[in-house]
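Okay, so here's just one chain, in C-alpha cells, the form predicted on its own.
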C-alpha cells in the first residue's frame, strides 16, 4: 500500500474566526490515498468547522488548501464536489421516496437525448454496489426509505467510489447502527480505501475508530494536538489525549 500512497488533500495553517471567536487555529494536516483517517475530539473541539472548510461549506479566515498538490479555494460545497471531495453527512443526502438507482445517480443522471437512461442507471448501480460488497439488495428499484441504515451508507459510499472521487468524508457513519451493520459499513469504507480514496471519518466511538482507522488526528480547543498512526494506541490513551489535549507520547499512565 505504501508505494501507492499519494497526497490527496493538504491543509496549511487553516484558521477560522467567527467574529471575535476563533473556532480553529493554524491547522496543518495532510490526507493520503489508500488511507482511512479518524477525526476525533470533544464537542466544540473544532473538527466540524475544519471539515466544513475542506467541504467548501465554510471558507477559512487564513491558511491554504492544496488538492493533489495544487492550491484551491472552494467557494461552495459544489466546488469541492467538482474537485473530487464527497461528504456524507448523518442525513446521507438521500431521498427516501426515490429508488436506489435514482439516489445513486442523484445530480449526475445519464441521459439518452432528453430522457434519463434508466437501464444504465439500474445496471451500473447494481454492479457498483455488488463490487462494494452490498450483494443481497432486493432490487435497485425499491425506495431508499425501505433500506437499513447500513445499506443507505453503502449507497452513499458507493457513489463516491463510482464517480471517481478522491476524498470521502463520513460524519458519524455508524451512528445508530447495529454491530452487524457497523461491520458491513467498515467493509464498505475499506473498499473505498482500496479504490484509492482518502477516507476521513468523524466518529465518537473510540473503540470503533481504533478498529477502522489507519491514522488518527485529535482536535482540542480549536487546535490539532495529535496526528499519529494507529499503532499501539488504546482507548484509554486516546481518551486522555482527547480530554487533556496532551499527545499520547506525553501521557504517563
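Numbering follows the first chain given and starts at 1. All values reported here derive from a predicted model rather than from experimental measurement.
Missing here is the form predicted together with a small molecule; even so, the following discussion is about that form.
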- in the predicted bound form, does residue 45 have a heavy atom within 4.5 Å of the small molecule? yes
- Message: Under a 4.5 Å heavy atom criterion, is residue 49 part of the interface with the small molecule in the predicted bound form?
- Response: yes
- Find out whether any non-hydrogen atom of residue 215 is located within 4.5 angstroms of the small molecule in the predicted bound form, and reply yes or no. no
- residue 233: heavy atom within 4.5 Å of the small molecule in the predicted bound form? no
- Message: Suppose contact means a heavy atom within 4.5 Å; in the predicted bound form, does that hold for all of 29, 163 and 165 with the small molecule?
- Response: no
- Residue stretch of 207-215, 61-69, 180-188, 36-44 approaching the small molecule in the predicted bound form, non-hydrogen atom distance within 4.5 Å: 36-44
